[in-house]
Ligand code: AHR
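So this first bit is one chain, no partners, the form predicted on its own, shown in structure tokens.
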């Protein structure tokens, strides 16, 4: 058996655990909204038409923040189509995903859903085909208390209190040629600055996110962030990152090491933002909003282009396996590791569309394999993120070179004394014994330990077998002040340590 050793200490603090790291994403795309979160007539539907089974799973998942309404969708969206009497709402062509949007669910409905789910709303404005005036309008509708045309319209529509949305995205992926209203960095940076300045005149305390690159593979990655921030640094708080991963040409080893790329993306964007801040002689630090991340088999999606205009078509409903779940768990490790600068993160998306939750019209909802590392990390990560020094065997990857077989992060709650270790074994052949000295944390014992692993790394959960892959008790024990965790090949593990009762 291979061996890896980890060193951690309560004094080696990265940052507080940011609850916004456990965000999700609901876009008007495919079946995420219609027959996903919303299905009047479903056996579990509530008085607002929201599926109770999906709401329960969302709460279990531990989602703290939900980005809405897009995504590529937002760049052609008219927010006012989705308010007022449902019977009067227009049906529109939705260009991003080549579908029809009924607007049956809009801003007011989504805020009601988010409150039921216990999640904060992160709202994205359309800076693709619209601009400053429309951003101010939707802000007035959503957040102004009353006494103005649009705030009174909201009240007349049944939302007597302001929605109080604090976190706003200034558009989406406008560096991408596929985006409706695609712009150069110069065009977008100026528009973002103008919109941010206007929104702050309306409500000074808003948190505003500028669009970063849609991918680190974009030829303008780095240069885009630099130009946008040169123009908008003083007006915005954060800049976005997006990243999706899949097995390319059968290269599973590189796929399992995808978190190496997340580390690179965050470090690159932070370095760029800090360089701009230095040039501007600013003491302000820009945060990173990693508001789209996940495993997404994009090659499958692009190989099957849509031709028909449908309502809520079945698109990118990827079925995830054990390997995908281990990668998701590792991406969460990377995001926690960068909690000093990553202020929010959204796994894209929540239901049906590359999602941890799947549902069928009129039928059941179930947990995909990727549900489990997210839910356990959200539940267990508390207090402060600790820096972990890792001594691990390495594995060779075509994309990233030699990478550690074991990756890990830890959290420590000084109020309770609890320590949680999150670790992955990215190797496909051998188990690894992970050794951690826990004496700096006092007399602790294993309170719970979980591993997501299966002898068949391609195993997945389905409607007929929804619990084929679930976390199972891990092999973890403390002997002589050393935690010994056996991590099987292609596995994600979480171990919670608690102070021993006296």
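Positions refer to the first chain, counted from 1. Just so it is clear, the structure is predicted and the values come from calculations on it, not from any experiment.
In what follows, reference is made to the form predicted in complex with alpha-L-arabinofuranose, a form of this protein that is not presented.
Participant: Have a look at 476-484, 6-14, 20-28, 489-497 and name the one stretch with heavy atoms inside 4.5 Å of alpha-L-arabinofuranose in the model of the complex.
Facilitator: Of the options given, it is 20-28.
Participant: Taking the shortest heavy atom distance, is residue 244 within 4.5 Å of alpha-L-arabinofuranose in the model of the complex?
Facilitator: Although alpha-L-arabinofuranose is absent here, residue 244 would touch it in the model of the complex, with heavy atoms inside 4.5 Å.
Participant: Going by a heavy atom distance of 4.5 Å, is residue 72 a contact of alpha-L-arabinofuranose in the model of the complex?
Facilitator: Yes, residue 72 lies within 4.5 Å of alpha-L-arabinofuranose in the model of the complex.
Participant: Looking in the model of the complex, any heavy atom of residue 354 within 4.5 Å of alpha-L-arabinofuranose?
Facilitator: It does: once alpha-L-arabinofuranose is placed as it appears in the model of the complex, residue 354 has a heavy atom within 4.5 Å of it.
Participant: Though only this chain appears here, would residue 359 touch alpha-L-arabinofuranose in the model of the complex if you measure heavy atom gaps against 4.5 Å?
Facilitator: Outside the cut-off, so no.
Participant: Could you work out which of 425, 240, 349, 370 is the residue within 4.5 angstroms of alpha-L-arabinofuranose in the model of the complex, going by heavy atoms?
Facilitator: In short, 349.
Participant: Out of 120, 321, 292, 175, which one falls within 4.5 Å of alpha-L-arabinofuranose in the model of the complex, going by heavy atoms?
Facilitator: Looking at 120, 321, 292, 175 one by one, just 292 meets the 4.5 Å heavy-atom criterion.
Participant: Since the partner is left out here, which residues of 83-108 would have a heavy atom within 4.5 Å of alpha-L-arabinofuranose in the model of the complex?
Facilitator: Only a single residue, 97, comes within 4.5 Å of the partner.
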